[in-house]
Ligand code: HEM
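What follows is a single chain, given as structure tokens, in the form predicted on its own.
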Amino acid sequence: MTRVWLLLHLLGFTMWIGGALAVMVAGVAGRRENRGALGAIVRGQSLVYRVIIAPGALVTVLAGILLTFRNSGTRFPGADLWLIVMQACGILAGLLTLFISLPTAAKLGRLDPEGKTGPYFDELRARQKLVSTIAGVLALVALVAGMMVAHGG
């Protein structure tokens, strides 16, 4: 059963990071577009958050917690610090993604970037960039720490 949880953990992480990279590329490409086109881009990004990123983050964190409890008696020589780093960074990144980035993306997807909600749209986009960057860096740190765990530190 541990292998199933590990598969879900890796699959979720792949969805989470892959979706986040797609959203990032769309955001960078959106800089060249006019304000009217930003609405369509942000609606697409919001969909990616709801369908790929959030489920991936949730599955990754839950499977990681279950793996922790299943393997709590197993020792990985020299990997304890890396395991803690992976868990802490992964959980924090997941919480940021699920409780800040996802709701922000959903709000952005409903706003008109050109209308009277334009300033609020810009404020939410700035928040989304900052929180998603922090969550992405934490997720990548968790990935590197996981690699160190897999290779015994």
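Just so you know, these numbers come straight off a predicted model, no measurement behind them. All residue numbers are counted from 1 along the displayed sequence.
Absent from the display: the form predicted together with the named molecule. The rest refers to it.
The putative spot formed by H9, L83 and G90 is fully lined by the named molecule in the model of the complex; each residue has a non-hydrogen atom within 4.5 angstroms of it. Partner contact region in the model of the complex: 60-68, out of 38-46, 108-116, 60-68, 25-33, criterion any non-hydrogen atom within 4.5 Å of the named molecule. Contact check for L143: a heavy atom falls within 4.5 Å of the named molecule in the model of the complex. The closest heavy atom approach of M147 to the named molecule in the model of the complex falls within 4.5 Å. With a 4.5 Å cutoff on heavy atoms, A139 counts as touching the named molecule in the model of the complex.
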